[in-house]
Structures are given as C-alpha cells and as structure tokens.
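Consider the single chain below, provided in structure tokens and representing the form predicted alone.
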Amino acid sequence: MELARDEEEALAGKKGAALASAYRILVAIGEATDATKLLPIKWAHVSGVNYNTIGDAGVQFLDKFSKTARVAIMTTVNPMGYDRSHPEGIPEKFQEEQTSIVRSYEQMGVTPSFTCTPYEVFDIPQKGAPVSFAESNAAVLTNSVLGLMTNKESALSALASSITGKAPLSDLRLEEARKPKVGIEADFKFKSELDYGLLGYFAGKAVKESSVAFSGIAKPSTIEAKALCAAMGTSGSCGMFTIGQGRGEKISFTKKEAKAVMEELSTAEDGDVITLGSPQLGLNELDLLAKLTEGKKFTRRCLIFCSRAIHGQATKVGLTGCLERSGAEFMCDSCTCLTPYVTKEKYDSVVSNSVKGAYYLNYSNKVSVALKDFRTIAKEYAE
C-alpha cells in the first residue's frame, strides 16, 4: 500500500504516538483488504461509547489515548449506556465509567451526538463522499440509501480514521464492490417494518459478499430501511443493498425463512415492558407512534430511545408531549441494545419491533423478546 510522505512520517511516530497508533491500525486494515492507498474522508462515526460494550479495558485505553489524540475531521459518536438525566436504577460504577468514556471522547474533540442514526441529525455530504462509519445500521444505510461510501468499520478503525482523516481505499469504497453479485428475492408481500427487519437478518447470515440486491419488495420507506439495515448489519458482514435484480447467485426469501428468523429471535408471546429504539427512533417513527396512540394510554411501561437532538425537534412540534400523555418515557443518548435499563433482574421479557434489538436483548441482556411491528404494538398495548 502506497503512503504519502506525511503519512509515512506520521506512521514513523514523527507526529506523535497517538497519530502513529492510528496510522498503524489503518495500514494493517489496508494491507488485509488489499487497499492501494489511504484516502481523505469527510466524516467518521465512532462506536465503542457504551460502557457495557467496551468494558474496563476500553475505558482505560480511551483515557490514555485521549490525552494526546485529537480528531481531524467531523466525528460523531454512538449512544452511551443510559440517559444521564435519568440515572434511576443505573449502578454507580456504570455511571462513573460511562462518564469517563464521555470525557475521553469530548477531550478528543468529537461532536457528542450519542446517536446510532447520525444520518437523521446531521447534514449529509454529497453523494459518493467517502466516510468511515462503525455503527452497523448507519454504515449499511449510508451506503445503500444515501450513496456515501464506507466499509463496515470497527470501533477502532473508525476512531483511527477520525484522528487521521483517512481510510483505506478498499471494499465498499470501490465501485466494483458495490455492484451486488448475489440477489435475494422475496416471494410474499411485506406488511410492516418488521418484515424488512426479518429480511435484513436473513440477508446478513446468507450473504458473504459486500453487497446484495433485493427484489420482490418495494423501495423501503425510511422506517423500513432503518429496520432492514439494522438487522442486516447485526447478523453479518454484508454492508450494502440495492433494489432490483442482482448478478450471479439467487436466494429465495419465503415465509419459511421469515418464520425461521422469528422463531430464533421472538422468544416470548408477551412482555413486561415495551422498548422502542434500535436504531433510535426518528421523527418519522415518533410521528407514527403518536398518531397510533392518540387519546390512548400504554398498558405496559414504554421506553422510547432517541437522540437528544431528535427529542428536541420532536418537543418543538409537540410529539414528545403527545407520547408522554400516552405514558411513554423518553431515554435520550442511549438505545435498546446493551442498556442497564433492561436486564433480566428487572424484566422477564420485552416487547419490541426491532430485530436488531431482539438479537441483543436475547443474547446479551438474556431477556426474552416478543417481536411485534409498530402498529400491532400500538393496537395491543395502548387503550
């Protein structure tokens, strides 16, 4: 892989240890993915913010790294583990370590977005712009819907890109890799965002290529696309989809395959609490939910996870007040996945419309999940 002179100097440590470490990470990834060079990027989105995700080792690394590392480009960050304005029930150690993580990122100069849907909060670069996104749903959606170019980055690789302003020119940053060599055809009519989530989870497992083509489905709405991208990013390495016939191998997605995903992830008939927001809810989802529950009250505790920016916008147009009158509670800066708000000690089972959320709730939080779509949740749990 060819490096420019300033990149070689940074790699050699002439511009500081933090920058050298970042370049070592990118060069190793570039060599492993046959990149010819590093290229400048417009935006980095970093994961590894939730204490439950990175643990004590991550806290210590960030504390040391942030003493000298500074971001070179616009850098946004994923949700943390809880809403600092609602610390009820969050262990003191968790709060302390989460505070340390936030302090480290802010010291590096990141934008404290705490969102897994940065594409709903910030201005989008022009189509074709290279970026570096570590959040799985965001990586898939920005490739597939927004036309930006990113690989599915790890927390470390996106962080390295934020410090250097560079990323390897490989995989989905190359036009050839973005052309799907595998196609999945759905043979039944989708009825909700949940069907798109089931397709995404199936595709992630079935497709080992960088990109996949979906046929037999309508172009997804924003709500449907988020469900599809989040589930696809959760179950596999495929980082992009297109709508239409693909080249090469054809795979069928029938009601049998959809049922198999439901049987794996929908492990309860009912739930003690409703959790919505994996990915975090945007204005579209909040508006839909408000309309579906207008004049009604939730019969279960309902936690809505969204970014603080979206919460602010929703408050201005009256959506938060409407939903709070229905009994919903907002948790900002955090999401359904890996939060100490939802544990086996607190709840036996959860109602959710998120396939991604169901995966993490089942396998990480060890809480059973009743998977239901938005409209069904509103119909069954709001009176």
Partner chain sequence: MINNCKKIVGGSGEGCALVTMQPINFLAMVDPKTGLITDPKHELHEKSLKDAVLVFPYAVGSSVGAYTIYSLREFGSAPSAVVCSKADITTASGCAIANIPLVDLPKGGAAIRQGVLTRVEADIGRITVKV
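Numbering follows the first chain given and starts at 1. On a predicted model such as this, the values are computed, not experimentally measured, just so you know.
There is another form of this protein, the form predicted in complex with its partner chain, and it is not shown here; the text below is about that form.
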message = For its partner chain, considered in the predicted bound form: do all three of Glu31, Ser47 and Lys152 come within 4.5 Å of it, counting heavy atoms only?
response = yes
ask   = Taking the shortest heavy atom distance, is Ser237 within 4.5 Å of its partner chain in the predicted bound form?
value = yes
request  = Give a yes/no on whether Ala370 approaches its partner chain to within 4.5 Å in the predicted bound form, heavy atoms considered.
outcome  = no
query = Does at least one non-hydrogen atom of Arg301 fall within 4.5 angstroms of its partner chain in the predicted bound form?
reply = no
message = Since only the chain is shown here, I'm wondering whether Glu264 would be in contact with its partner chain in the predicted bound form (any heavy atom pair within 4.5 Å).
response = yes
remark   = Only one of 320-328, 36-44, 352-360, 339-347 sits within 4.5 Å of its partner chain in the predicted bound form by heavy atom distance, namely 352-360
query = Just one of Lys189, Lys297, Lys250, Lys208 has a heavy atom within 4.5 angstroms of its partner chain in the predicted bound form, so which one?
reply = Lys208
query = Exactly one of Ile90, Leu169, Leu283, Leu156 has a non-hydrogen atom within 4.5 Å of its partner chain in the predicted bound form; which residue is it?
reply = Leu156
